[in-house]
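Given as C-alpha coordinates, the chain that follows is alone and in the form predicted alone.
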(Lines give C-alpha, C1' and ligand atoms only; values in the text may rest on other atoms or scores of the structure.)
Protein backbone atom coordinates (compact mmCIF):
# COMPACT_ATOMS: atom_id res chain seq x y z
CA UNK A 1 0.00 0.00 0.00
CA UNK A 2 1.07 3.57 -0.69
CA UNK A 3 -0.51 6.56 1.02
CA UNK A 4 0.14 10.10 -0.18
CA UNK A 5 -0.87 13.06 1.94
CA UNK A 6 -2.61 15.94 0.23
CA UNK A 7 -1.16 19.46 0.21
CA UNK A 8 -3.03 20.57 3.31
CA UNK A 9 -1.96 17.54 5.32
CA UNK A 10 1.67 17.97 4.26
CA UNK A 11 1.57 21.64 5.23
CA UNK A 12 0.13 20.73 8.63
CA UNK A 13 2.95 18.27 9.25
CA UNK A 14 5.64 20.67 8.01
CA UNK A 15 4.28 23.45 10.23
CA UNK A 16 4.43 21.23 13.29
CA UNK A 17 7.91 20.06 12.33
CA UNK A 18 9.18 23.65 12.19
CA UNK A 19 7.45 24.53 15.46
CA UNK A 20 8.91 21.54 17.29
CA UNK A 21 12.36 21.97 15.75
CA UNK A 22 12.47 25.47 17.22
CA UNK A 23 11.11 24.40 20.59
CA UNK A 24 14.28 22.55 21.68
CA UNK A 25 12.41 19.49 22.96
CA UNK A 26 15.58 17.91 24.46
CA UNK A 27 15.80 20.90 26.82
CA UNK A 28 12.09 20.52 27.63
CA UNK A 29 12.59 16.82 28.42
CA UNK A 30 15.61 17.51 30.63
CA UNK A 31 13.73 20.25 32.50
CA UNK A 32 10.85 17.84 33.04
CA UNK A 33 13.26 15.18 34.32
CA UNK A 34 14.62 17.70 36.83
CA UNK A 35 11.14 18.48 38.13
CA UNK A 36 10.43 21.71 36.20
CA UNK A 37 7.09 21.36 34.36
CA UNK A 38 6.90 24.91 32.98
CA UNK A 39 8.79 24.33 29.70
CA UNK A 40 6.48 21.38 29.04
CA UNK A 41 3.40 23.51 29.68
CA UNK A 42 4.77 26.22 27.38
CA UNK A 43 5.31 23.67 24.63
CA UNK A 44 1.77 22.39 25.15
CA UNK A 45 0.41 25.93 24.64
CA UNK A 46 2.40 26.29 21.42
CA UNK A 47 1.09 22.97 20.13
CA UNK A 48 -2.44 23.99 21.07
CA UNK A 49 -2.16 27.14 18.97
CA UNK A 50 -1.08 24.93 16.04
CA UNK A 51 -4.24 22.82 16.46
CA UNK A 52 -2.60 19.50 17.32
CA UNK A 53 -5.65 18.08 19.11
CA UNK A 54 -8.36 19.76 17.04
CA UNK A 55 -8.58 16.78 14.62
CA UNK A 56 -9.73 14.59 17.53
CA UNK A 57 -12.71 16.83 18.35
CA UNK A 58 -15.77 17.28 16.10
CA UNK A 59 -16.48 20.67 14.57
CA UNK A 60 -19.71 20.98 16.56
CA UNK A 61 -17.65 20.90 19.76
CA UNK A 62 -15.09 23.46 18.61
CA UNK A 63 -12.62 21.14 16.88
CA UNK A 64 -11.87 20.31 13.27
CA UNK A 65 -12.59 16.58 13.25
CA UNK A 66 -12.95 13.83 13.10
CA UNK A 67 -9.81 13.88 10.96
CA UNK A 68 -7.86 10.69 11.76
CA UNK A 69 -5.27 11.16 9.00
CA UNK A 70 -4.48 14.67 10.22
CA UNK A 71 -4.27 13.33 13.77
CA UNK A 72 -1.77 10.68 12.65
CA UNK A 73 0.22 13.36 10.80
CA UNK A 74 0.38 15.47 13.95
CA UNK A 75 1.41 12.61 16.22
CA UNK A 76 4.06 11.49 13.72
CA UNK A 77 5.75 14.86 14.23
CA UNK A 78 5.22 14.74 17.99
CA UNK A 79 7.03 11.40 18.03
CA UNK A 80 9.74 12.59 15.67
CA UNK A 81 10.59 15.37 18.14
CA UNK A 82 9.87 13.32 21.31
CA UNK A 83 7.38 15.90 22.59
CA UNK A 84 6.49 15.06 26.22
CA UNK A 85 3.11 15.14 27.95
CA UNK A 86 -0.17 13.18 27.95
CA UNK A 87 -0.91 13.91 24.29
CA UNK A 88 -2.22 10.52 23.18
CA UNK A 89 -4.15 10.27 26.45
CA UNK A 90 -5.89 13.61 25.81
CA UNK A 91 -6.82 12.58 22.27
CA UNK A 92 -8.26 9.35 23.68
CA UNK A 93 -10.21 11.32 26.30
CA UNK A 94 -11.74 13.41 23.51
CA UNK A 95 -12.80 10.25 21.70
CA UNK A 96 -14.33 8.87 24.88
CA UNK A 97 -16.37 12.04 25.41
CA UNK A 98 -17.54 12.08 21.80
CA UNK A 99 -18.60 8.43 21.95
CA UNK A 100 -20.58 9.12 25.10
CA UNK A 101 -22.49 11.68 23.05
CA UNK A 102 -21.51 15.12 24.16
CA UNK A 103 -22.38 18.23 22.23
CA UNK A 104 -21.49 16.86 18.83
CA UNK A 105 -24.63 14.94 17.91
CA UNK A 106 -23.65 11.77 16.09
CA UNK A 107 -20.24 10.45 17.12
CA UNK A 108 -17.43 10.03 14.58
CA UNK A 109 -17.58 7.06 12.33
CA UNK A 110 -21.13 6.27 13.32
CA UNK A 111 -20.68 6.70 17.06
CA UNK A 112 -23.75 6.95 19.28
CA UNK A 113 -25.60 10.27 19.57
CA UNK A 114 -26.11 12.01 22.88
CA UNK A 115 -27.76 9.82 25.46
CA UNK A 116 -27.68 6.73 23.25
CA UNK A 117 -26.05 3.37 23.76
CA UNK A 118 -24.00 1.76 20.92
CA UNK A 119 -27.01 -0.30 19.78
CA UNK A 120 -29.05 2.85 19.22
CA UNK A 121 -31.27 2.51 22.28
CA UNK A 122 -31.45 4.89 25.19
CA UNK A 123 -28.51 4.97 27.56
CA UNK A 124 -29.03 2.45 30.33
CA UNK A 125 -26.79 3.95 32.97
CA UNK A 126 -27.62 3.95 36.62
CA UNK A 127 -30.54 5.74 38.22
CA UNK A 128 -30.41 9.46 37.70
CA UNK A 129 -28.07 9.24 34.70
CA UNK A 130 -28.38 12.19 32.35
CA UNK A 131 -27.74 12.23 28.58
CA UNK A 132 -24.11 11.65 27.85
CA UNK A 133 -23.80 8.40 29.75
CA UNK A 134 -23.91 9.39 33.38
CA UNK A 135 -24.56 11.98 36.03
CA UNK A 136 -23.82 15.38 34.53
CA UNK A 137 -22.71 13.76 31.25
CA UNK A 138 -23.82 16.66 29.06
CA UNK A 139 -22.00 19.11 31.27
CA UNK A 140 -18.87 16.96 31.25
CA UNK A 141 -18.61 16.77 27.48
CA UNK A 142 -19.73 20.36 26.92
CA UNK A 143 -17.02 21.57 29.30
CA UNK A 144 -14.10 19.41 28.24
CA UNK A 145 -14.40 18.87 24.49
CA UNK A 146 -13.98 22.57 23.55
CA UNK A 147 -11.10 22.91 25.99
CA UNK A 148 -9.34 19.89 24.50
CA UNK A 149 -9.90 21.26 21.00
CA UNK A 150 -8.38 24.62 21.83
CA UNK A 151 -5.57 23.04 23.84
CA UNK A 152 -6.38 24.58 27.20
CA UNK A 153 -6.94 21.21 28.87
CA UNK A 154 -4.77 18.12 29.16
CA UNK A 155 -6.37 14.89 30.33
CA UNK A 156 -4.54 11.82 31.60
CA UNK A 157 -6.82 8.87 30.88
CA UNK A 158 -6.38 5.44 32.49
CA UNK A 159 -7.88 2.51 30.56
CA UNK A 160 -6.99 -0.80 32.23
CA UNK A 161 -5.52 -3.19 31.26
CA UNK A 162 -3.87 -1.53 28.21
CA UNK A 163 -3.23 1.76 30.07
CA UNK A 164 -2.95 0.86 33.76
CA UNK A 165 -1.19 4.01 34.97
CA UNK A 166 -1.84 7.74 34.67
CA UNK A 167 0.79 9.46 32.57
CA UNK A 168 1.99 12.83 33.86
CA UNK A 169 -0.89 13.31 36.27
CA UNK A 170 0.85 16.38 37.67
CA UNK A 171 0.68 18.07 34.26
CA UNK A 172 -2.93 17.17 33.51
CA UNK A 173 -5.96 19.32 34.20
CA UNK A 174 -7.98 16.15 34.81
CA UNK A 175 -7.15 12.52 35.53
CA UNK A 176 -9.87 10.01 34.67
CA UNK A 177 -10.09 6.25 34.98
CA UNK A 178 -12.55 3.84 33.40
CA UNK A 179 -13.60 1.27 36.00
CA UNK A 180 -15.83 -1.28 34.28
CA UNK A 181 -18.99 0.59 33.29
CA UNK A 182 -18.02 3.75 35.14
CA UNK A 183 -15.97 6.80 34.19
CA UNK A 184 -14.50 8.21 37.38
CA UNK A 185 -12.24 10.97 38.52
CA UNK A 186 -8.94 9.30 39.40
CA UNK A 187 -7.00 9.80 42.60
CA UNK A 188 -3.32 9.45 41.62
CA UNK A 189 -0.84 7.80 43.93
CA UNK A 190 2.89 8.41 44.15
CA UNK A 191 4.50 8.68 40.72
CA UNK A 192 6.84 5.90 39.62
CA UNK A 193 10.00 6.41 37.60
CA UNK A 194 10.14 5.45 33.94
CA UNK A 195 12.93 4.59 31.54
CA UNK A 196 11.96 7.84 29.83
CA UNK A 197 12.97 10.75 32.08
CA UNK A 198 10.05 12.85 30.78
CA UNK A 199 7.37 10.32 31.81
CA UNK A 200 5.71 10.06 35.24
CA UNK A 201 3.50 7.01 35.79
CA UNK A 202 1.07 7.06 38.72
CA UNK A 203 -1.19 4.29 40.02
CA UNK A 204 -4.73 5.55 40.53
CA UNK A 205 -7.84 4.82 42.56
CA UNK A 206 -11.36 5.50 41.32
CA UNK A 207 -13.01 8.53 42.87
CA UNK A 208 -16.14 10.50 41.98
CA UNK A 209 -18.27 8.86 39.29
CA UNK A 210 -18.62 11.11 36.24
CA UNK A 211 -20.63 8.76 34.00
CA UNK A 212 -21.93 5.22 34.19
CA UNK A 213 -23.66 2.57 32.14
CA UNK A 214 -22.90 0.24 29.21
CA UNK A 215 -22.15 3.20 26.95
CA UNK A 216 -19.07 3.97 29.05
CA UNK A 217 -17.51 0.59 28.35
CA UNK A 218 -18.12 0.92 24.59
CA UNK A 219 -16.77 4.47 24.61
CA UNK A 220 -13.67 3.33 26.51
CA UNK A 221 -12.95 0.67 23.89
CA UNK A 222 -13.16 3.25 21.11
CA UNK A 223 -10.99 5.67 23.11
CA UNK A 224 -8.37 2.97 23.65
CA UNK A 225 -8.21 2.30 19.90
CA UNK A 226 -7.75 5.99 19.08
CA UNK A 227 -5.12 6.43 21.79
CA UNK A 228 -3.31 3.39 20.43
CA UNK A 229 -3.39 4.90 16.94
CA UNK A 230 -1.87 8.14 18.27
CA UNK A 231 0.86 6.23 20.10
CA UNK A 232 1.54 4.20 16.95
CA UNK A 233 2.02 7.35 14.89
CA UNK A 234 4.44 8.63 17.54
CA UNK A 235 6.44 5.42 17.27
CA UNK A 236 6.83 5.74 13.49
CA UNK A 237 7.94 9.37 13.81
CA UNK A 238 10.31 8.43 16.61
CA UNK A 239 11.81 5.61 14.55
CA UNK A 240 12.26 7.92 11.59
CA UNK A 241 14.20 10.42 13.72
CA UNK A 242 16.40 7.67 15.15
CA UNK A 243 17.20 6.45 11.65
CA UNK A 244 17.95 9.98 10.39
CA UNK A 245 20.31 10.64 13.29
CA UNK A 246 22.05 7.29 12.79
CA UNK A 247 22.56 7.78 9.04
CA UNK A 248 23.97 11.24 9.72
CA UNK A 249 26.39 9.83 12.29
CA UNK A 250 27.41 6.92 10.04
CA UNK A 251 28.39 9.38 7.32
CA UNK A 252 30.35 11.64 9.69
CA UNK A 253 32.14 8.98 11.78
CA UNK A 254 35.29 7.62 10.11
CA UNK A 255 37.26 4.44 10.74
CA UNK A 256 40.11 3.09 8.65
CA UNK A 257 40.01 6.20 6.49
CA UNK A 258 36.34 5.97 5.44
CA UNK A 259 32.87 6.64 6.87
CA UNK A 260 31.52 3.73 8.89
CA UNK A 261 28.40 3.97 6.74
CA UNK A 262 30.43 2.53 3.88
CA UNK A 263 30.85 -0.78 5.72
CA UNK A 264 28.49 -3.46 4.50
CA UNK A 265 27.39 -4.57 7.97
CA UNK A 266 26.32 -1.01 8.83
CA UNK A 267 24.59 -0.56 5.47
CA UNK A 268 22.57 -3.73 5.96
CA UNK A 269 21.57 -2.76 9.49
CA UNK A 270 20.37 0.67 8.36
CA UNK A 271 18.53 -0.84 5.40
CA UNK A 272 16.74 -3.35 7.65
CA UNK A 273 15.68 -0.51 9.93
CA UNK A 274 14.32 1.49 7.00
CA UNK A 275 12.37 -1.51 5.70
CA UNK A 276 10.74 -2.01 9.11
CA UNK A 277 9.65 1.63 9.31
CA UNK A 278 8.43 1.69 5.71
CA UNK A 279 6.37 -1.43 6.41
CA UNK A 280 4.81 0.09 9.53
CA UNK A 281 4.01 3.51 8.07
CA UNK A 282 1.27 2.45 5.60
CA UNK A 283 -0.28 0.26 8.27
CA UNK A 284 -0.68 3.36 10.44
CA UNK A 285 -2.31 5.42 7.69
CA UNK A 286 -4.39 2.42 6.66
CA UNK A 287 -5.70 2.19 10.21
CA UNK A 288 -6.51 5.92 10.15
CA UNK A 289 -8.51 5.45 6.96
CA UNK A 290 -10.39 2.57 8.59
CA UNK A 291 -11.54 4.82 11.45
CA UNK A 292 -15.23 4.31 12.08
CA UNK A 293 -15.37 0.93 10.36
CA UNK A 294 -15.63 -2.51 12.03
CA UNK A 295 -12.04 -3.20 10.91
CA UNK A 296 -10.58 -0.24 12.81
CA UNK A 297 -9.63 -2.13 16.02
CA UNK A 298 -7.95 -4.91 14.02
CA UNK A 299 -6.06 -2.45 11.79
CA UNK A 300 -4.92 -0.37 14.76
CA UNK A 301 -3.55 -3.47 16.47
CA UNK A 302 -1.70 -4.56 13.33
CA UNK A 303 -0.17 -1.10 13.03
CA UNK A 304 0.80 -0.92 16.72
CA UNK A 305 2.55 -4.30 16.66
CA UNK A 306 4.53 -3.36 13.54
CA UNK A 307 5.38 0.18 14.67
CA UNK A 308 6.48 -0.93 18.15
CA UNK A 309 8.92 -3.44 16.69
CA UNK A 310 10.15 -1.05 13.97
CA UNK A 311 10.84 1.80 16.38
CA UNK A 312 12.49 -0.53 18.89
CA UNK A 313 14.71 -1.93 16.11
CA UNK A 314 15.59 1.63 15.10
CA UNK A 315 16.62 2.34 18.70
CA UNK A 316 18.81 -0.77 18.79
CA UNK A 317 20.44 0.15 15.49
CA UNK A 318 21.04 3.70 16.66
CA UNK A 319 22.69 2.49 19.84
CA UNK A 320 24.88 -0.07 18.08
CA UNK A 321 26.05 2.32 15.36
CA UNK A 322 26.71 5.18 17.75
CA UNK A 323 28.41 3.00 20.35
CA UNK A 324 28.78 4.17 23.94
CA UNK A 325 28.00 7.79 23.10
CA UNK A 326 24.46 6.73 22.25
CA UNK A 327 23.39 6.31 25.86
CA UNK A 328 25.24 9.16 27.56
CA UNK A 329 23.05 11.72 29.33
CA UNK A 330 24.64 14.58 27.42
CA UNK A 331 23.79 13.19 23.98
CA UNK A 332 20.25 13.90 22.78
CA UNK A 333 19.94 10.56 21.01
CA UNK A 334 19.58 8.79 24.35
CA UNK A 335 16.30 10.62 24.97
CA UNK A 336 14.84 9.18 21.77
CA UNK A 337 16.15 5.69 22.55
CA UNK A 338 14.50 5.73 25.96
CA UNK A 339 11.24 7.02 24.51
CA UNK A 340 11.25 4.16 22.00
CA UNK A 341 11.52 1.63 24.81
CA UNK A 342 8.77 3.31 26.82
CA UNK A 343 6.32 3.48 23.90
CA UNK A 344 7.14 -0.07 22.79
CA UNK A 345 4.70 -1.42 25.38
CA UNK A 346 2.58 1.71 25.98
CA UNK A 347 -1.07 1.28 24.94
CA UNK A 348 -0.55 -2.48 24.74
CA UNK A 349 2.46 -4.64 23.98
CA UNK A 350 3.13 -6.08 20.51
CA UNK A 351 2.11 -9.52 21.82
CA UNK A 352 -1.24 -8.19 23.02
CA UNK A 353 -1.96 -6.53 19.69
CA UNK A 354 -0.92 -9.56 17.68
CA UNK A 355 -3.38 -11.59 19.74
CA UNK A 356 -6.11 -9.08 18.86
CA UNK A 357 -5.30 -9.37 15.16
CA UNK A 358 -5.39 -13.18 15.31
CA UNK A 359 -8.70 -13.11 17.14
CA UNK A 360 -10.18 -10.71 14.56
CA UNK A 361 -8.98 -12.75 11.60
CA UNK A 362 -10.02 -16.15 12.95
CA UNK A 363 -13.14 -15.16 14.83
CA UNK A 364 -11.70 -16.78 17.95
CA UNK A 365 -11.25 -15.40 21.41
CA UNK A 366 -7.50 -15.77 21.75
CA UNK A 367 -6.17 -15.46 25.29
CA UNK A 368 -4.82 -11.98 25.86
CA UNK A 369 -1.13 -12.03 26.84
CA UNK A 370 -0.35 -10.54 30.24
CA UNK A 371 0.60 -6.88 30.26
CA UNK A 372 4.30 -6.19 30.82
CA UNK A 373 5.46 -3.91 33.58
CA UNK A 374 4.97 -0.21 32.72
CA UNK A 375 7.83 1.73 31.20
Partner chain sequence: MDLDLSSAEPFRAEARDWLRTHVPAVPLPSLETAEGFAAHRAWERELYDARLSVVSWPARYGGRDASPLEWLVFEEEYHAAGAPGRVGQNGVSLLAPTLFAHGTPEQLERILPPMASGEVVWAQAWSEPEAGSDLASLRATATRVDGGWRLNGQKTWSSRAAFADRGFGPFRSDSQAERHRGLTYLMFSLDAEGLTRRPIGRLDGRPAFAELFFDDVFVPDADVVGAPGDGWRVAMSTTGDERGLTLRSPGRFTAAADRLVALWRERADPADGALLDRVADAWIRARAYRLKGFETVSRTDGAGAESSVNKVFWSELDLALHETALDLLGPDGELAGEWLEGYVFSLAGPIYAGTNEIQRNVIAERVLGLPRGPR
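Numbering follows the first chain given and starts at 1. Everything numeric in this text was worked out from a predicted model, so none of it was measured.
The next section is about a form of this same protein that is not shown, the form predicted in complex with the partner chain.
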Would you say all of 320, 325 and 341 touch the partner chain in the model of the complex, counting a heavy atom within 4.5 Å as a touch? yes
Does the partner chain come within 4.5 Å of any heavy atom of residue 149 in the model of the complex? no
Examine residue 205 and determine whether its closest non-hydrogen atom to the partner chain in the model of the complex is within 4.5 angstroms. no
Does residue 296 make contact with the partner chain in the model of the complex, using a 4.5 Å heavy atom cut-off? no
4.5 Å heavy atom contact, residue 41 and the partner chain in the model of the complex: no
Among 206-214, 229-237, 188-196, 92-100, the stretch whose residues bring a heavy atom within 4.5 Å of the partner chain in the model of the complex is 188-196
Between the options 243, 224, 201, 174, which residue brings a heavy atom to within 4.5 Å of the partner chain in the model of the complex? 201
Considering non-hydrogen atoms and a 4.5 Å limit, which listed residue (269, 182, 81, 281) is close to the partner chain in the model of the complex? 269
Taking only heavy atoms into account, state which residues of 300-317 are within 4.5 Å of the partner chain in the model of the complex, ordered by sequence. 312, 316
